[in-house]
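Have a look below at one chain only, the form predicted on its own, in structure tokens format.
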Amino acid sequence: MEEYSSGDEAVFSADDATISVKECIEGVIGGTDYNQSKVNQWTATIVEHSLTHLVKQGRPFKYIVNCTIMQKSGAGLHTANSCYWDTATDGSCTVRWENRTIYCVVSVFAVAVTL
């Protein structure tokens, strides 16, 4: 297991995570139109790629990544998250992305690993 130093690395950066997740969504869906037969593949790939990018940052966190994809049809979509944790080190971010036919919402939760 890698050694982690204390300091800024032990604080979750929502900005860094948001950038990584947006890159993953763009890489998987990009300008593609909604296709029901591909949604399972898209969600799995977005979650896996996002998790891989987050872990490669080498910060001492356990991550949870959730992805929701919905076809734009005028219907409402409401999500909510709640966490009980150490707000000094742990964190989360939610990325909302859309194109002409798709809504994609990815939530990332980071829980600090104390060694």
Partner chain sequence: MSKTQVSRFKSSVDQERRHFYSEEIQPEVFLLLGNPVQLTPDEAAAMDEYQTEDETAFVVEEVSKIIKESVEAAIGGNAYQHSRVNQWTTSVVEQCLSQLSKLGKPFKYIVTCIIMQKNGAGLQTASACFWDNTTDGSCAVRWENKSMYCIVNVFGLSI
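Keep in mind that this is a model prediction, so the values were computed, not measured. Numbering follows the first chain given and starts at 1.
Same protein, other form: the form predicted together with the partner chain, not shown, and the subject of what follows.
Would residue 18 sit within 4.5 Å of the partner chain in the predicted complex, counting heavy atoms only?
No.
Does any part of residue 32 reach within 4.5 Å of the partner chain in the predicted complex? Heavy atoms only, please.
Outside the cut-off, so no.
Should residue 92 be classed as touching the partner chain in the predicted complex when contacts are defined as heavy atoms within 4.5 Å?
Yes, residue 92 lies within 4.5 Å of the partner chain in the predicted complex.
Answer yes if any heavy atom of residue 65 is within 4.5 Å of a heavy atom of the partner chain in the predicted complex; otherwise answer no.
Output for residue 65 is yes: heavy atoms within 4.5 Å of the partner chain.
Though the partner is not shown here, which residues of 56-77 have a heavy atom within 4.5 Å of the partner chain in the predicted complex?
Heavy-atom contacts within 4.5 Å come from 61, 62, 63, 64, 65, 66, 67, 68, 69, 70, 71, 72, 73, 74, 75, 76, 77.
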